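One chain follows as structure tokens, the form predicted alone.
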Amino acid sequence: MEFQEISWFRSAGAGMFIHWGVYSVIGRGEWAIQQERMPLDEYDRHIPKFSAENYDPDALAQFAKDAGMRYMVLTTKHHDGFCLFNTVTTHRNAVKQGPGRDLVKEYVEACRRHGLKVGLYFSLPDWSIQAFNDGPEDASQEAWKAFIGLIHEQVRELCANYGKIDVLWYDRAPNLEGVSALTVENLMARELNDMVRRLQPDILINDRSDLPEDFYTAEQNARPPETPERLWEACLTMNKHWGYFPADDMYKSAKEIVHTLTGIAMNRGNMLLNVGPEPDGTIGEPERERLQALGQWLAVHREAIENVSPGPVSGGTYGCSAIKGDSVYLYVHWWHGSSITIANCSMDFKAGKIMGTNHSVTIQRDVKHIKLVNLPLTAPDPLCTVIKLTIKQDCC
């Protein structure tokens, strides 16, 4: 893939993940049908309450943009098999039932209007299909073939019917019996992705079809790939669940979210931060508060998380660092007071500034160490202060 086709992803920094579907009505996460062994007919009785009456994709896209997001990824179909898009493959979709609207079409158009890259999540497993739950060994050959045909056709519809798509975000999961039934071969994953690329030549595909494809996805952690140059993202929830789960009030603080973002960014990754809307499409206040705080921080510090690389400067006891060109960014997670020591630092710096302020940093060399002195006693930014240091051109 050409550099210009992936450069936007390398520099994106942050995106918004949206887990939303019939499971939002139940309010116990997107795995409720599997974890509670809920019969499909019982599950589907919740579809009429999946109203989407307050779903405003323009407002959602604007909110994501204000939060500093460069792209969005919407669950077009989760493991429950209910499609948020118009499809000829099943009556279990948002056009024929529930909202009576093509929620994906509205989302894609809103993303484009607001200058956001378009990402579509698609679950390869489908708990509503008996052949998948039986597995390829126990299902009849005809039933398994029909299941794989359905999956391929749904992906084709998404790639053919909605204009340019920037990211295809596959997901995987075990069947209702807890068995991971899909393989590259029985999914016909190579053929599937070849079709996707014929329809969407510039698309980026994640690694969850069990093929490496374009980027690696870390889930609920910030571990970078073993290959430093590989594109990657870390997808994270704000509380402990992806889908709407009102009993879960264990939200990360805005400070923890920003700290995590800096760790991801310094290792050249993106943070895909999740929201789980209510059945009507409303984003809850705890999520809104954190996204607003993130957006305010990124408005000041975006240059410090875009296109940076792991810093050659020790994080010591203050946090971590990254480098870009002749700039080193210190992400100060823990403010020391009036001074910070960077131990065993071989670099020399000609200037330093606290981002978002007019405060210049006094830099002193103490044999092998660098000391930043005359700093404010308290952290200028309550989420994460960033100190930008300019490298002396002749120091390295």
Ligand code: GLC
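Counting begins at 1, following the sequence as shown. Keep in mind that what you see is a predicted model, and the values were worked out from it rather than measured.
Only in words, not in the display: the form predicted together with alpha-D-glucopyranose (GLC), which the text now covers.
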Could you work out which of W232, Y121, Y244, Y71 is the residue within 4.5 angstroms of alpha-D-glucopyranose (GLC) in the predicted bound form, going by heavy atoms? Y121
Which one of E191, E219, D138, E256 is close to alpha-D-glucopyranose (GLC) in the predicted bound form, taking close to mean a heavy atom within 4.5 Å? E219
Residues F17, E30 and H78 all lining alpha-D-glucopyranose (GLC) in the predicted bound form, heavy atom within 4.5 Å: yes
Y107 versus alpha-D-glucopyranose (GLC), in the predicted bound form: is there a non-hydrogen atom within 4.5 Å? no
Can you tell me whether H301 touches alpha-D-glucopyranose (GLC)? I mean in the predicted bound form, with a 4.5 angstroms heavy atom cut-off. no
For F85, is any heavy atom within 4.5 Å of alpha-D-glucopyranose (GLC) in the predicted bound form, or not? no
Heavy atom of D248 within 4.5 Å of alpha-D-glucopyranose (GLC) in the predicted bound form: no
Taking 4.5 angstroms as the heavy atom distance cut-off, pick the stretch from 275-283, 166-174, 147-155, 310-318 that is near alpha-D-glucopyranose (GLC) in the predicted bound form. 166-174
Across 182-210, which residues bring a heavy atom to within 4.5 Å of alpha-D-glucopyranose (GLC) in the predicted bound form? R208
